[in-house]
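Encoded as structure tokens, the following chain is the form predicted on its own, with no partner shown.
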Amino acid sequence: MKAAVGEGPSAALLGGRNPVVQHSSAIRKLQLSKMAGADGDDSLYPIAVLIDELRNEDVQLRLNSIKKLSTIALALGVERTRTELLPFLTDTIYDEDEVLLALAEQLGNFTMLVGGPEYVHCLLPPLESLATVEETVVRDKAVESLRKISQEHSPVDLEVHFEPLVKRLASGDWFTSRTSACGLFSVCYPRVSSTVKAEIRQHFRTLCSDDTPMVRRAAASKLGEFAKVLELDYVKSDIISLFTALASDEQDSVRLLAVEACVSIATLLPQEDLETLVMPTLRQAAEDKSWRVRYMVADKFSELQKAVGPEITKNDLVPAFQNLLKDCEAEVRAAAANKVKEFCENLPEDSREQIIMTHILPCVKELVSDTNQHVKSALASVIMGLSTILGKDNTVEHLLPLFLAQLKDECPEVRLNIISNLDCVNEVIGIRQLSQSLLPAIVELAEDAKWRVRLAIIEYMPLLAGQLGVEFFDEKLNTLCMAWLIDHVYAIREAATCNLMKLVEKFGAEWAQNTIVPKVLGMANDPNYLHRMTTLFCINALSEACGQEITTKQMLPVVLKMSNDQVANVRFNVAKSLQKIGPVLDSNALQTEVKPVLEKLATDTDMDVKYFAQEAISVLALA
């Protein structure tokens, strides 16, 4: 919405002039006379400019001024903020959306600037106008601010000022005001008289059956929140009937929001009422003709399970969950697959294993070979967690074949998700059982064409190394880790360097000296300058973990030799490396070996080499 820029501003504030045509000197006089008396305090001039900018043609200037509204209000004082600034702001509601959004946010923090809770109702008119605008984000922010300041109203002010505002919004001609009203019922309901409570319940009922789907959607999204503040009797008499109606709405966008409310409603009701009041509607939602509604049931399944308790879970939710895992829509199967571990964990202990083995595992076996990669990927991210629930024997017999099948899956995300959760299996059966299948999967991922897949597998390498042991690692994976150091993507080379450091921390300095360091130092003679630089990055990362002796005897001579490299990028990285490994070296090595090289680099023809050499001399105190 465009601003009616410069039209009808508050005469008291703007001195009756149009600031777009002419910046109002009246404003400045108004502010400076008020704030500085006759002192002519120039420090207050910026405040006057801010007020001028509230009506400037440039939207960015108006936005900047709105964001500094609290500064203007502080300068004006509480009385003039109430009597001049707020009416002026209410008049300017017709503006660009980003200005209105900033205004809605600012007003939520204005309580003390208008004189505290006693005068907080003065903020309601501009926020009421903002709650009716067309742009959703502005309305939502206005409702958020209204909810915030409702807590600062006294019970009397709430009934006198706030509750009438809610009624006006709820019975507005435009759907925009009615959607905003839905978010305000729950904040005022607990603190008003029983008569007003009855009126609020009636308004909410009306909005739940509004002709406009957007309003019913807003009501459905706030149904659970409203139910939480109602007395139990009214939950049973009012909310359940509204819940049933919204869950059968002709619009699936309304029905799916009713599923969300179901979680809140189920937690409020006693166990004996759930079967009759909630479950028929929930069963209907789980089999809804719209996949979006079924998706929402799958997505909220763990919360629903906790809300309805173990008995209903066994009798109703287990078959419903099976159906969702076999749903014809891939999105629903993926959402359900994501909840497999959580659902199994929350099953009653006395019958958990039997339910999983009989009802859940057959469905899981089917999903392992699902045609949709998102379903398989969702399952792979949680399936390993079942091993801790089912124990060693069941894992070896039933889950291990599934893990092995997923490790050979054509989709890299599936293989990656299995590898990233190996620690669960390691706790139960040890990783050796998987090692023969793991290796081809790791190698394939390590050489995947997508660099992000390669990056992800590098990040899991220290975990794998710790679980597989040093011998297996040296035999099968060491070569892979070194190959990453010369990958054509910098992010991979960088991650591979960090990976080496973590491996040294895990396997020790002696292992590094025998296995890693010679290979890293060998790259110093590589014809590709990027690979020579990787040597330096590795030395930076490894020096601390390897300790003084290895750094001084093996790494330092290589770094010093590289100071004669023909490529300036390598030379200035030599200076940076010497600065990095300096603290690990003893003072003799610093003075006799490092200092002469840095002094030579400080006179290099390349300005970057000079700069980093001088910085290293300064940091290492070698000057």
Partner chain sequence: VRLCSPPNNTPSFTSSSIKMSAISASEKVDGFTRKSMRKAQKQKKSQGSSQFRTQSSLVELSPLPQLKDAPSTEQQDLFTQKLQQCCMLFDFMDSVTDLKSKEIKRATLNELVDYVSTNRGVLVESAYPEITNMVSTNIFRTLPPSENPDFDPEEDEPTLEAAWPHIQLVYEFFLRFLENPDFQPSIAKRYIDQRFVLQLLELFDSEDPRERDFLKTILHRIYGKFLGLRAFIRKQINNIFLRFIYETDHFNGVAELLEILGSIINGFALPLKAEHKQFLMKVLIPMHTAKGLALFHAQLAYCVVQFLEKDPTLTEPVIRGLLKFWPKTCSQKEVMFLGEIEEILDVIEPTQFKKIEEPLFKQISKCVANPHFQVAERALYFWNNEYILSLIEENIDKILPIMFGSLYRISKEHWNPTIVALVYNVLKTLMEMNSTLFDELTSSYKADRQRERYWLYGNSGPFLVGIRRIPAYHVVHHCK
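Residue numbers count along the first chain shown, from 1. Definition used throughout: the rigid core is the maximal C-alpha set that superposes within 1.5 Å between two forms. Computed from a predicted model, the values in this text were never measured in an experiment.
As for the form predicted together with its partner chain, it is not shown, yet the points below apply to it.
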- Give a yes or no on whether each residue among Val138, Leu256 and Arg452 has a heavy atom within 4.5 Å of its partner chain in the predicted complex. yes
- Task: Choose one stretch from 530 to 538, 130 to 138, 158 to 166, 359 to 367: the one whose residues place a heavy atom within 4.5 angstroms of its partner chain in the predicted complex.
- Result: 130 to 138
- Query: Do Asp586 and its partner chain share at least one heavy atom pair within 4.5 Å in the predicted complex?
  - Reply: no
- Spell out, yes or no, whether the shortest heavy atom distance between Ala330 and its partner chain in the predicted complex is within 4.5 Å. yes
- Spell out, yes or no, whether the shortest heavy atom distance between Glu413 and its partner chain in the predicted complex is within 4.5 Å. yes
- Contact test in the predicted complex: Arg217 vs its partner chain, heavy atoms, 4.5 Å: yes
- Message: Just to confirm, with a 4.5 Å cut-off on non-hydrogen atoms, which of Tyr234, Phe507, Tyr460, Tyr119 contacts its partner chain in the predicted complex?
- Response: Tyr460
- Of the options Thr515, Asn323, Thr83, Ser264, which one has a non-hydrogen atom that comes within 4.5 Å of its partner chain in the predicted complex? Asn323
- Item | Heavy atom contacts to its partner chain in the predicted complex at 4.5 Å, residues of 265 to 299 in sequence order | Glu287, Asp288, Lys289, Ser290, Trp291, Arg292, Arg294, Tyr295
- Item | Did Asn564 shift 2 Å or more between the shown form and the other one, C-alpha, core superposed | no
